Every structure is written in structure tokens, then in C-alpha cells.
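Take a look at this single chain in C-alpha cells; it is the form predicted on its own.
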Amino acid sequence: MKKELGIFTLLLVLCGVTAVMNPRFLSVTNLTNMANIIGLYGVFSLGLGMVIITGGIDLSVGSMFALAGVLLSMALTEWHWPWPLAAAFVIAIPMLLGWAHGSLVTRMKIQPFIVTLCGLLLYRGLARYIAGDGTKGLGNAEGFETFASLAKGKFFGLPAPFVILIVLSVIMWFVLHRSVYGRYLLAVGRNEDAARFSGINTRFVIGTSYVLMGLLTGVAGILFAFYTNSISPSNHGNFFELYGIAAAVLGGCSLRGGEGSVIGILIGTALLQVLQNLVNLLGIPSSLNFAVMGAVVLFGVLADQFFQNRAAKKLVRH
């Protein structure tokens, strides 16, 4: 809770400073746009956070977005599938890929970094091949207007992605913090061998965390496809995995595994997007976006290292 409180305080301070430097930050339009972006990035950041809690990583998320976006466009505009079937198909594909990642990690004992790095290259290449290296789109959503309104409309005056994020966050909060499975996730992340000797099916826990990440990536892939309305397989979703990892790390998820919370991931996502908004509102060159993100991730890792060392020293003293 101390980590979440600290990062939330930092978020409030940053919002206050940004509002003072540029009052447009508090405009309804800007806040609505920011809520929409937080919703879009927050959904898949939750999934990445679950994987990081187990001590894993997934670098293929951005490429999954490209593949999902291309398949969604083709299913709706070329194959003319009913939108519920298209949605289920696009969500099922990343879940299947997540299952494959989990199987390679747990059964073949390949490092998650290597498995998902290969996925990053493979899925991007598949997306480009399937699309003929051309840009796909959703047009004016003719024939699937209901689907479009669910993905990019508004509920209770709030952007649909933000509302979806809140609903999924509540579900994930119960999964991680109020279920046996959530306790197993944290236990496996802290010490996989000890968890296995205590009777936990570590293969199942780790494998399902990648499937869960695939599910949330599929949902976010649909939201992003409607948000951009144009899917270029060569760059759609580029570096998105880094945003998710950064949000999770900033929110208190340790890259060593065994630590993290849903609330922390949400705060980390919001902090990243406020930083991006600050860069835009202050007229800072957009080319510095990645530099800002890199500095923030480094700060998060250093802070995690500091707290880990301090906790270790306290244990030694006692």
C-alpha cells in the first residue's frame, strides 16, 4: 500500500503542476481524451501486470495488436462475419498465443524474454503477410454500428474504453487480491520452487497468467482498432508492450515477481498518460516521448531496487 500511496501522491502533484503551467489540462475535452487513452492502455497493462507478478514478461503485445487489428478488419469488412463472432475470434487468437507462450515457458523451460521476443517478430510478420503489407480499416462501421458504439462510444458521459477498464479492474482486483488463484500468482512470483513444493500447480498458474494477458490484449486490440480506425500492420501497436511494462513497474510490480496490485497498475497507467499529456501541452517535441518514458521506467526500477535493499537490511537487523 505504501508504494501505491507514493505513486498516487506523485500523480496528484504532477496533475497539479501541469494544471498550473497550462490550464487547458483541466478542460473537459482534455480530461475526456485522457480518460479514453488511460482506458485503452490500462486494459492490456493489467494483463502484462499479471504476467510480471509471476516473474515473467511479454514483449509480443504490440505485435498481437497488429495481428488482432488486421483480423478484426478482415472479419468485419471482407468476410462479413457477425460482430459477436468477429469479436470472439479476435479475443481467442491472443488467448491461444498466450497459452502457447505459457506452455513454452513452463514445459520447455525457455526464458519468457526469448519466447515473447520470437512472438514479437512472428506475429508482426504474420500480420503483414495476411494484410498483404497493406493498411486495413473499419470504414464507417457499416453493418456493425452497435459494435463500434460499444468500443468507442460513451457510457454515463465517460468514454467506453475507460468504463471497460473500470469494469475489468474490479474483476481483476477480486482475482488478484481476493481469490486463491491470486495468492498463487503472488506465491509463484516470490519463489516458484517453494510454491511448487507447497503443492501449487505452478505450471497452471504461470500458463494461465499468459492466457489471461492474451484475453485482455484481445479486448484492448479491439478498442485500439476502433480508436485508430486504420491498422497498418508494419507499425500498429509498435512499442505498446513497453507502455504496459512501464505502467506495471511504476505501479509497484517488481520485475523479480511476487509483487504488484491492480490499483498500482491503474495509477501507473494514469501517471504515464499524464506525462505524455504534459509533453504535448507544454509544447515539448514529441520526439522526446520515448525519452520521458525511458527515464520514468528507470526511476521506477531504481525505486524498486531501493525498497528491496532497505527491506533486506531490516530483515538482517532483526
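For clarity, every value in this text was computed on a predicted model and none was experimentally measured. Start at 1 with the first residue shown and count on from there.
The same protein also exists as the form predicted in complex with a further copy of the same chain; that form is not shown, yet it is the one meant from here on.
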{"property": "Interface residue in the predicted bound form among Met95, Leu150, Leu158, Leu117, criterion: non-hydrogen atom within 4.5 angstroms of a further copy of the same chain", "result": "Leu117"}
{"property": "Answer option from Leu168, Leu212, Leu104, Val90, heavy atom within 4.5 Å of a further copy of the same chain in the predicted bound form", "result": "Leu104"}
{"property": "Interface stretch in the predicted bound form with a further copy of the same chain - options 239 to 247, 80 to 88, 160 to 168, 213 to 221, non-hydrogen atom within 4.5 Å", "result": "239 to 247"}
{"property": "a further copy of the same chain contact in the predicted bound form: Thr146, any heavy atom under 4.5 Å", "result": "no"}
{"property": "Gly16 within 4.5 Å of a further copy of the same chain in the predicted bound form, heavy atoms", "result": "no"}
{"property": "Interface membership of Ser261, a further copy of the same chain in the predicted bound form, 4.5 Å heavy atom rule", "result": "no"}
{"property": "Contact label in the predicted bound form: Val43 to a further copy of the same chain, heavy atom within 4.5 Å", "result": "no"}
{"property": "Contacts with a further copy of the same chain in the predicted bound form, stretch 98 to 122 (heavy atom within 4.5 Å)", "result": "Leu104, Met108, Lys109, Ile110, Gln111, Phe113, Ile114, Leu117, Cys118, Leu120, Leu121, Leu122"}
